[in-house]
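Before any questions on how it binds or moves, here is one chain, the form predicted on its own, in structure tokens.
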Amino acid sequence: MIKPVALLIDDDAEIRGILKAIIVPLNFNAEELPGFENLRDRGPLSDVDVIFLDLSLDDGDGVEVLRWLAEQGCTAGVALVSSFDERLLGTALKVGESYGLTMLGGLRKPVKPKDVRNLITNRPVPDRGVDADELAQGIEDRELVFYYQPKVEIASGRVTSAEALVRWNSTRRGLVFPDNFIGLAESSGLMPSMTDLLLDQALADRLIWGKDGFTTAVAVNLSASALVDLDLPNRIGEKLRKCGTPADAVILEVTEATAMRDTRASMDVLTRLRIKGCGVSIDDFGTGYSSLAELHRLPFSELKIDRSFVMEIHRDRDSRVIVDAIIKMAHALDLKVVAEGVETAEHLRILGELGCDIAQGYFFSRPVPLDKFVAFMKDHDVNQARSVS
């Protein structure tokens, strides 16, 4: 079996040695490169899976390297290593993302073995072999399934809704994550059929937990092509009528960038969905580049703060100020606020103090298959009853 390759780019031999000692036991081949020139001399990067990059090198800086990696079409996951403050590290990560690189995260020096291992083991591994014909067959065979993650009201602890996160349970490849097929579905014209299939699946799944007495709403993500599909509101209305599901039990989530791509079509589709009674949520708020003037014209009922802000609120003043400002603005516009990326009790406590309405994240549950989500709901319901009594 060929081992994955990790490049360790740092002018400090001790840091390279520490990183190597951590990742080699994880079945990696590790190559040490003291600087930018060594990287350029190495040759093609097609065999590289992970790059650990120091932001400050003797012969260049990390941002120059990120730009060069993007120019080479690098597909490896990139982790930044630095002794700079977290704000600068976070900015550098955003620069890498803007160049289209797969940024795995940042590590502060001195690096901790646990953080390195988590970064390595949780990195996305792109499935480069999927083609349109295979995906079309998967859609026809109904291999797409949902994993559900609860959204919990902070004040009461009640589960208000569950986000439906699509997975492709391929008979050939196993479980395939959306980053590896959503773009293909869009570019190959498969998204309309996929959207209808997923909406049917979400409504069918909600009926299953409804039989256990749970009125929890289901939240489904809409793609860019769905927001210019002017017939979509009518199809959703018909689906709701057929299964007897009230419209307010469905939330349609769209990312900020997607909603801004064609604001006229988005206004048309989203307004008609709201007229029918569905909730409309703006996802990943704060990561796009739209103006507030554009945003306020769209009929959102819910705003989701991106996890990149939420996960730092317990230790980064700027993140906390931004989250506080978003919550206040959203409430002034009569929007419910959901915080994504809630992983600790401290996150939840601070969000409660800031007046956030709803929390979503690993603190409550990872995305899980339908049967495990129903089990979570039952356990959560019992625990809530005990806490009240």
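We number the residues from 1 along the sequence you see. All figures in this text were calculated on a predicted structure; none of them were measured in a lab.
The same protein also has a form predicted together with a small molecule, omitted here; what follows describes it.
K.L.:
Going by heavy atoms within 4.5 Å, which of 70 to 78, 154 to 162, 263 to 271, 170 to 178 lines up against the small molecule in the predicted complex?
P.N.:
The contacting stretch is 170 to 178.
K.L.:
In the predicted complex, does Tyr362 have a heavy atom within 4.5 Å of the small molecule?
P.N.:
Although the small molecule is absent here, Tyr362 would touch it in the predicted complex, with heavy atoms inside 4.5 Å.
K.L.:
Could you tell me if Leu66 has a non-hydrogen atom within 4.5 Å of the small molecule in the predicted complex?
P.N.:
So Leu66 does not count as contacting the small molecule.
K.L.:
I'd like to know if Gly62 sits close to the small molecule in the predicted complex, meaning any non-hydrogen atom pair within 4.5 angstroms.
P.N.:
The answer is no: Gly62 has no heavy atom within 4.5 Å of the small molecule.
K.L.:
Looking at the partner-bound form in the predicted complex, is Ser223 within 4.5 Å of the small molecule by any heavy atom?
P.N.:
Judged by the heavy-atom cut-off of 4.5 Å, Ser223 is in contact with the small molecule in the predicted complex.
K.L.:
Flag this candidate site as yes only if Glu253, Glu343 and Pro367 all have a heavy atom within 4.5 Å of the small molecule in the predicted complex; otherwise mark no.
P.N.:
Yes.
K.L.:
What is the one choice in Asp284, Asp115, Asp316, Asp200 with a heavy atom within 4.5 Å of the small molecule in the predicted complex?
P.N.:
Looking at Asp284, Asp115, Asp316, Asp200 one by one, just Asp284 meets the 4.5 Å heavy-atom criterion.
K.L.:
Give me the residue from Arg108, Lys276, Arg307, Arg235 that has a heavy atom within 4.5 Å of the small molecule in the predicted complex.
P.N.:
Partner contact (heavy atom, 4.5 Å) among the options: Arg307.
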